[in-house]
Every structure is written in C-alpha cells, then in structure tokens.
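Structure 1 and structure 2 below are the same protein chain in two forms, each given by itself as structure tokens.
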Structure 1
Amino acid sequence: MGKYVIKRLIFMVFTLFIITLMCFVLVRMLPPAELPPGDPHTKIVEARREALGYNKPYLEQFGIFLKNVFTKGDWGVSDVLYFGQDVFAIFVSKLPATMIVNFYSIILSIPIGIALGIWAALRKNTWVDDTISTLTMALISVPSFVYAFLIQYFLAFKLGWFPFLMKEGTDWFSWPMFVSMIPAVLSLSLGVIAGFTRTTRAELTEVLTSEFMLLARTKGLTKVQATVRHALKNCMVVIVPSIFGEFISIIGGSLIIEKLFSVPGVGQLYLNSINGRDYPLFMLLTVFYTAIGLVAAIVVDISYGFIDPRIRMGSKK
C-alpha cells in the first residue's frame, strides 16, 4: 500500500505540473487585458508585467512563475479584477462561500441518495424501482443549470419561498443566509442524489442475489436482517469511497451554479478571471481545481484498501 500511495502521489504531481504548464502557455498566448486610456496605474502594471517576463519566451515565463510560487509563496497580484490585491488573499476570502454551499448539498444528498437506492433495490422490478430508476436517469442526464432555472422559476418566482440570489455578507450561519443558499444547494444536490441512488441500487441489487445472502437466509435471518448485517456492509465498499470523493470535491464547487445564484465563491471568481484575462487569478484557481480533482481520485482509490482489507492496491496478484 505504501509503495502504491507514493507512486500515485508522484504521478499526481507530474500530472499537475503538465496541466499547469499547458494552461499557463495557453493563457499567456492571449493578449493581456488592456487598461482604460489614461489609467494612472498603467505604468505600474507595465513594470510588473516586465518583471514577470511577459516579453520573454513562455517557458522562461513559466520558470519565473514557479520560482515565485515555491520560493516566495507569491501567486502574484490582480491586474484587472482586484487591482493591486494579492490573489491568494482574494482566493481565501472567496473560499468559505463555496465550501458551505457545497457542504450543505453533500449533507443533503448522501442520506437521501442512499435511502432511495436501498428502497429501489429491495423493491426490484416493481413500480417503486421503475419510478426511482426513471427519475434517477432523468436527473443524471439533465445538466445542473437546468435545475437551477426551474428552481428559480417555481420556488423563487412563482411561489416566492426563496430569494433569486444568495444574500450578500459573511454571516454564513445566520438563518437568512441559510434560506438564501437553499436554491443553490438544491440545484447542486439533485444530480448528486441521483448518482448515489444509482450506485447504491446497482451494488445492493447484485449483493442481494449473491450466494452468501442465500446462505444467510437459510440460517434463519429475515430479509431485513440479512440486508442490514451483510448486504449493506458489502455495498459500502463501493459507496463509501464515492462519499469520500464527494467530500474532497466539496471545495471545487460548481462554476455555473455559483454564477447563476450569485454565490460569492471561487467558482464565480474563476469565471470572472477567465473573462477578464486576469492571469494571476486564473493560474491560482486552475492549480486549485486541478489539485482538488487529482486528490479526490487518489483518496477514492486508497479508501478501498482501508474499507475492505482484502483489497490490496497496486498488487500484481
């Protein structure tokens, strides 16, 4: 296991490096954002860009970028969206909104998704199973921003239960703030609920038809007892790693949902940095999102070995 983890970490760092290099070169190929004519900050920006090597070959620019990050912890300052402000400080200030909205969505999705999956598996080939399976496929097939428009139209506009946009401010745990988050949370949750439902149903359906389940029934256990004691335990080998992956991915958030509901998080900041060609912000957020995805994949893989000791990650036998 130790060798496997080290190997995966090395590949993760290498992959992160390649993706970062590609994004850096591609974004630097775009012309830098121009300041308005007569802007008093023009000379400052030009001097800063000169120091960062904007007029040098791309690989040399990338070397300067890496040197500043690793030796000084300096990701740069914003030239466009937040002029003169440290991009890492901006990122940290936007992170709580993304984490909280996505955390609420996961807390809502896990129990509902697993419960629906169990119900569908126990009622296999009945109207309950058919209904849940149909809804699950529909929810998985439809993009999350479609849910967002429907939720805004019915729950915010027609019924008036919730505001269209998330409340401004940093009182993250107040009741008005929580209510304003609900439309965004629901939009993020529907697809996740469908994913957990499908995974749970598929795994539990397969386990319920296994030979050891028939043996458990012949020993006198009821269907409920056999399901709780044996079937669900085996299903968790697949379900729990997916939960770990979702928790790690919480910070990633949803770019489109944050934009639609005006969530002041890193997702909306990422889109704004692309539109505004704010190079330092774009690179920091690109590294962040890439690292989150890679870490989530490693955590999911490693968790299999801890959940079921019979699994030996990286073993050739």
Structure 2
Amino acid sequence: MGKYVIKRLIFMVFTLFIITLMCFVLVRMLPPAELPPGDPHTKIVEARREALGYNKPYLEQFGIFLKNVFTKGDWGVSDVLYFGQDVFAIFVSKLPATMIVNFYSIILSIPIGIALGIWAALRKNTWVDDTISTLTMALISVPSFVYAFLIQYFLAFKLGWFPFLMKEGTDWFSWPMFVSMIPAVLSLSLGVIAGFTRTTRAELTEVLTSEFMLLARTKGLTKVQATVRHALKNCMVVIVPSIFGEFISIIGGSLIIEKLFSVPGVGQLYLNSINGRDYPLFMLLTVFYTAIGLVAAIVVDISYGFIDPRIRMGSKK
C-alpha cells in the first residue's frame, strides 16, 4: 500500500512537471502582452522580463520560473487584467467565493443524490425508478449552462425569488449573500446529484441481487436491516471515494456557472485570463487545475484501498 501510494505520488509530480513544462514553453512562444505606447511602466516591465529571461532559451526560462516559484513563491505579475499585481495573491483572493459556493452545492447534492439513488434502486423497474433514471440521464447529458439558464430565467427572473447575479462583496456568510448564491448552487448541484444518483442506483441494484443479500434475508433480517447493513455498506466502497473526489474538486469550481452567475471565483478568473490573454495568470491557473485533477484522481484511487482492504493496490490490471 505504502509503496503504491509513493509510486503514484511520484508519477503525479512527474506528470505535473511535464504538463507545466509543455504549457510554459507554448505560452512563452507567444509574443508577450504589449504595453500601451508611452506607458510609464515600460522600463520596469522590460527590466522584469529581462530578469525572467524572455530572450534566453525556453528551458532556461523554465528554470528561472521554477526557481522563482519554489524559492520565493513568485508566480509572476499579471500582464493585462490586474496589471502589475502578483498573480498568486489575486488567485488566493478568488478562492473563497468558489469554495463556498461549491461547498454548499456538495452539502446539498450528496445526500439528495444518494437518497434518490437508493430510492430508485429499491423500486427498480417501477415508475419511480423510470422517472429518476430518465431525469438523471437528461441532467447528465446536458451541460450545466442549459439548466442554469432555466434556473436563472424561472426562479430568478419570472418568480423573482433570488437575485439574478451573485452579490458583490466579501461578507461570505451573510444572509443576503447566501440567498444570492442559491441559483449558482442549484445549477452546480443538479449535475452532481445526477451523478451520485446514477452511481448509487447502479451499485445498489447490483448488490441487491447478490447472494449474500439472499442469505441476509433468510437468516431473518428484515428488508430494511438487510439493505442498510449489507447492501448499503457495500455500495459505499464506490460512493465514498467519489465523495472524496468531489470534495477536492470544490476548489476548482465550474467555469461556466461562475461566469453566468458572476461568482467572483477561480473559474471566472481562468476564463478571463484566457479571453484577456493574461499569460502569467493563465499559467498559474493551468498548473492549479491540472494539479486538482491529479490529486482528485489519486485520492479516489487510494481511498478505495482504505475503505475496502480487499482491494489490493498496485496489482496488475
């Protein structure tokens, strides 16, 4: 187990390194953001670019970049969007909004998703199951911005229950802020709910037909006892890791939902950095998103082993 974890971690760092290198070179190959003519900062910016090695070979530039990141935590300064500001500070200031919105969404969606999945599995092939499965299927197929539109149009505009966009400000835990987050939270949740419902239903239907369930019933357990103690416990082997994965990805957030509801978060920052061609910001966020994907995958894989010791890690596929 320990050996497997270490192996995975090493490979993760290696992957991250390769991807960062590729992106770095590709980004540096692009002409750097132009300064407005007659800008008073031209000299400083040029001196800084000189120090970052803009006219040296790419690998040397990458070396300087890595050295700055590791020794000073310096990811560079923003070129376009937040001219002259430290990108890492901007990034950190955008984290809370994303994390809070996604946290609410997870708190809401995991219980509902699992409950719906259990319900559908227990009523398999009835109208309950059909309805839940169809809805799940529809929600999974369609990207979130389509139903975010419906939520925004009906709940926020027609019924006027919620504000159209998220409230500005940094009072993250105030009531008006919470209310203004609800449309975004709902739009994020639907997809997650559908995902959990599908996984739970699939797992539970499979477990419910296995022989140990029959044994549990024959030894005198009621249906509820058998389901809770035996079936659900087995389902959790699959569900719990995906909960972990979900929790890690909360800091990533969703690009589109954040744009639609103007959540001042990381996702929106990423989109803006792409559309605004702010390369240092883009570079930082690319590394960030890649890292999240990698960490989430590792945590999911490793947690399988912790939850169910029968699953042996590192064995050949």
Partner chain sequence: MMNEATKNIYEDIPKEMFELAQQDETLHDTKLETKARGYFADALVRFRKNRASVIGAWIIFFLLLFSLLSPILSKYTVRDQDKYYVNYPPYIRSIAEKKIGIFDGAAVHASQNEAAMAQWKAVAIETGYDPLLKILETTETVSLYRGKERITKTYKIQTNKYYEQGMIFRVLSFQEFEDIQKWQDETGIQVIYPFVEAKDIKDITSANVWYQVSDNKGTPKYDKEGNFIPAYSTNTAKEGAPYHSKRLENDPGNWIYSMQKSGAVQCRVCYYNYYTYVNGHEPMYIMGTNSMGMDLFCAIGIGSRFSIIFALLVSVINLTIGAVYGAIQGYYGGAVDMIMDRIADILYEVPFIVVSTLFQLHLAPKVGVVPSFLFAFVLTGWIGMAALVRKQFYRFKSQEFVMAARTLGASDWRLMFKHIFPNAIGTIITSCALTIPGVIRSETTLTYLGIVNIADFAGTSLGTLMSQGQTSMTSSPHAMFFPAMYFALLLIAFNLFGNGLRDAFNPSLRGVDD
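Take the two forms, superpose them, and find the largest set of C-alpha atoms that agree within 1.5 Å; that set is the rigid core. Start at 1 and count along the sequence of structure 1; that gives the residue numbers used here. Everything quoted here is computed from the prediction, not taken from an experiment.
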Structure 1 or 2: which one is the form predicted alone? 1
Is Q61 one of the residues whose C-alpha moves 2 Å or more between the two structures after the core fit? yes
Taking the rigid core as the superposition reference, indicate whether the CA of V27 shifts 2 angstroms or more between the two structures. yes
Establish whether a shift of 2 Å or more occurs at the C-alpha of R49 between the two structures, with the two forms superposed on the rigid core. yes
